[in-house]
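One chain comes next, on its own, written out as C-alpha cells in the form predicted on its own.
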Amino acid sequence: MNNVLGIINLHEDEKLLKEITRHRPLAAVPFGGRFRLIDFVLSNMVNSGIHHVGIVAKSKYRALMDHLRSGKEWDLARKRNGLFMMPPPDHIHYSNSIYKGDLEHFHNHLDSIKKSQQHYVLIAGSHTICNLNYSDVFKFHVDNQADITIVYKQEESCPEKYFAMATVLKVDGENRVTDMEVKSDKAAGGNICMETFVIAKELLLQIIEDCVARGEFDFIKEGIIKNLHRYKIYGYRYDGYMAKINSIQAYYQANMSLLLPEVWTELFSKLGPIYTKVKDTPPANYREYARVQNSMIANGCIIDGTVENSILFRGVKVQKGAYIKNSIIMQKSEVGSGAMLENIICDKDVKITDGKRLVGDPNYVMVIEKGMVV
C-alpha cells in the first residue's frame, strides 16, 4: 500500500470523556496497561504497508507528540515519507469554540496532501480499537471501483450506551451505502461506522475545496452524507473485535474486555503487532503479600496487596493490605496500605492514601483525575 497516504483525524468528540481528556487529546489516552489509543490505528497502517502518515491534531497535543516522537517505534522515522504532524494554525483557537469542523483543518493543510506522492488516502480516527489490515479494505475499494469506501462493524445487539454518538450505515445487497445517520439512537443492533475511509486523493481534495467554498466543514455530514447519491460509496464489513472509545463507560468496558483471553488474542496476536513507545522499566515486582487474579500488570509495578480483575499501568505501587478490584490504575499511581478500590479509574500520578475506601458502580465508574491525592 505504498500508494496510500494515511491520515489520522483527531477531530473527535471528547465531551463524554472530559475526566481523562482534560490535559490530553483522546488519541493520547492510556489503554491496556502500556498503550495509547493512537497506537492501534497507527500500527494498523504500518502493518498494512502505509508508511506516509499525517496526524491531524486539534488541540492539547503536547502529550501526543511526546508519545510519538519521531515515529521510530512504528518504523516511520524516514528520510522520505514517514510521520508528520498537521497542527491547527495559530489563528484557530479550538478551546474558545471557534472550531467549524475537520474540513476547515484539512483545508489549511491542502499543500501537505497535494504534495504527497500517493494517489489514495486512508482516513481513520484514533478512538476505534481494532486490529485491521487495511490492505483488504483497499483491495475491496479497487475491485468495486468505488469513489469512497467506509469500514463498518455490524452489531447484532449491543447496549446503546457503549456506542453513544455513533454513526450508523445502511448498506444494500451490493455493499452500496444507501443512508447514514450521525449520532443515531439506532446504534444498538446496527451497522456502526468505524470512521475509516478510503478515497482517491484527487476526489478528497475536490470534496474539501467544494465544501469549504460553500461554508460546509464537517467531513462526514457535508463531505459524505450529502454526496451519497453523487458518488459510488461502498461499505466494507469488518467482522473482528472492535471497541469505540466515546464515553467513560465505553473506555472502561473496552479495557475490562482485555481480560478475556479471546479478546486479547485477537487484538494483539491474531494479525500484526501493536507498537507503542518503548520504556526501559524492570519487570513487575510481586512482594510477600501480593495476590493477583485475572489482571494485567505492566512493567515497573510493585505489588504487595490484592489485585483482582484489574489493569495496572507501568510503575503503579500497591502497598500491603490494599485491595483493588475491577479497576484501571494508570501510570505511577500509588494505592496506600489498607485502601480499597472497586470500579475505579485512576488517571496518572494519583495517590490513594492509607485506609481510603472508594467504590464506584459497574455502570457508572468513578474517575480520579490526574495528579489527585485522595
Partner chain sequence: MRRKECLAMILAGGQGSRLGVLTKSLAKPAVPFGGKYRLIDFTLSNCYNSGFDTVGVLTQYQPLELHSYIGIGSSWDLDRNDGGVYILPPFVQQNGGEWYKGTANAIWQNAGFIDQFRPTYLLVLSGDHIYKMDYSYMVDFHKQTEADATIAVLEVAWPEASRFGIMNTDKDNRIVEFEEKPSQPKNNLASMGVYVFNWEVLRWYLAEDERNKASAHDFGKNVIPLMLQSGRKMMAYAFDGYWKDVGTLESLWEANMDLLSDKPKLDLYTPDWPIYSVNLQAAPQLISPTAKLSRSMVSLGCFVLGEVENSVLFSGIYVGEGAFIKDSVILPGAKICAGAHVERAVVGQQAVIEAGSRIGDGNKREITVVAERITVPENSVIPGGTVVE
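Bear in mind the structure is a predicted one, so any value in this text is a computation, not a measurement. Positions refer to the first chain, counted from 1.
This protein has a second form, the form predicted in complex with its partner chain, left out of what is shown; the following refers to that one.
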- Spot the stretch among 175-183, 71-79, 105-113, 213-221 with residues whose non-hydrogen atoms come within 4.5 Å of its partner chain in the model of the complex. 71-79
- For I302, is any heavy atom within 4.5 Å of its partner chain in the model of the complex, or not? yes
- Message: Taking its partner chain as it sits in the model of the complex, is Y275 near enough to touch it, meaning that at least one heavy atom pair lies within 4.5 angstroms?
- Response: yes
- Task: Spell out, yes or no, whether the shortest heavy atom distance between D143 and its partner chain in the model of the complex is within 4.5 Å.
- Result: no
- Query: Just to confirm, G32 within 4.5 Å of its partner chain in the model of the complex by heavy atoms?
  - Reply: yes
- Task: Answer with one of A284, L271, I208, I225: the residue that has a non-hydrogen atom within 4.5 Å of its partner chain in the model of the complex.
- Result: A284
- Message: Within 4.5 Å, heavy atoms only, which of K100, K170, K279, R237 is in contact with its partner chain in the model of the complex?
- Response: K279
